[in-house]
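We begin with a single chain expressed as structure tokens, specifically the form predicted on its own.
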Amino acid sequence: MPAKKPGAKRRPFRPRKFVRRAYDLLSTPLALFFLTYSRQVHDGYGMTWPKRMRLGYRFYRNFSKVQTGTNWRAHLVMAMKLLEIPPEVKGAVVECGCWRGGATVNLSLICEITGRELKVYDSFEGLPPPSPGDPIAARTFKNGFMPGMYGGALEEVTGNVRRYGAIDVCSFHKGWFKDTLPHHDGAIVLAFWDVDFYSSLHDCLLNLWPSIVDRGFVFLDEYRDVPYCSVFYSEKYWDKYFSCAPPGLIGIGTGVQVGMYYTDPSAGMGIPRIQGAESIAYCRKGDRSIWEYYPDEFENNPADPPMSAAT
């Protein structure tokens, strides 16, 4: 046993972190089993259930090698949804906000399997300066975060993808979203946005939503922040910018079920606890999340026939 270096400090034991990691490890076989089960996977990809489980295990291994803000289970959910899209539907996968490339690595693997390009948009300089009127940006920098935090250099990201993923299917677009996204070209079948600020989410929606194919997917990492996610239910926003009903968001507040335990959105947001948010949320273009039941209006309009309980 090697002698302990003089003056070396022992790393403190964090029981909460240990329990969460232990649970993640022990539950991994069941997570792989359940998350990869689907009868909606298109036969054209040749991805049998055993192949999907092996891919998920590769995601799990990559998760331990490259630092990322999202869990490998969330990456697997995105991969499974991409496998549901028929091969004849043309379009790329777009990632906005990649940090050090943890999600990029795994997304590149599923893009290679499905024959799609992965377009990665990031400043590669970290968080941008706060925009006026952006409450998250203001709160973030008030709490000590500075422009440039969560920055991964382009060389670091491409190195990680080259080492653990499929670099040949990737293209990288460096710059602030407000400068790069207006120049995006081509259809999008699936988008993943890990962009933190209101202003950045607005840039993604405004510039990329029109390119999302019908029934295409948009995944969001900031699902725990309910006010942030409320844009996906805002009738005013969607009518103003897209002249359509809001699509809603599946998993708002707590994320979709990936087998991790947490019961409120604050879990994992700087609060040390055994519970932790390790999921993702998504919407699908073409869905409508709008409230249309106003019984007092029906009562005042006898021309509208009453609807039976069966309908």
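One rule holds for the numbers: they count along the sequence shown, beginning at 1. In this text the structure is predicted, and so the values were computed from the model without any measurement.
The form predicted in complex with a small molecule exists for this protein as well; it is not shown, and the discussion that follows is about that form.
Taken together, the three residues T70, G97 and S123 all lie with some non-hydrogen atom within 4.5 angstroms of the small molecule in the predicted complex.
Interface membership of L127, defined by any non-hydrogen atom within 4.5 Å of the small molecule in the predicted complex, is confirmed. The closest heavy atom approach of S200 to the small molecule in the predicted complex falls within 4.5 Å. Within 4.5 Å of any heavy atom of the small molecule in the predicted complex lies no heavy atom of I136. Within this chain, P210 is remote from the site of the small molecule in the predicted complex, having no heavy atom within 4.5 Å. Picking from 175 to 183, 162 to 170, 235 to 243, 111 to 119 the stretch near the small molecule in the predicted complex, with a 4.5 Å limit on heavy atoms, gives 175 to 183. This chain appears without its partner; in the predicted complex, the one residue of V195, L205, V231, A92 with a heavy atom within 4.5 Å of the small molecule is V195.
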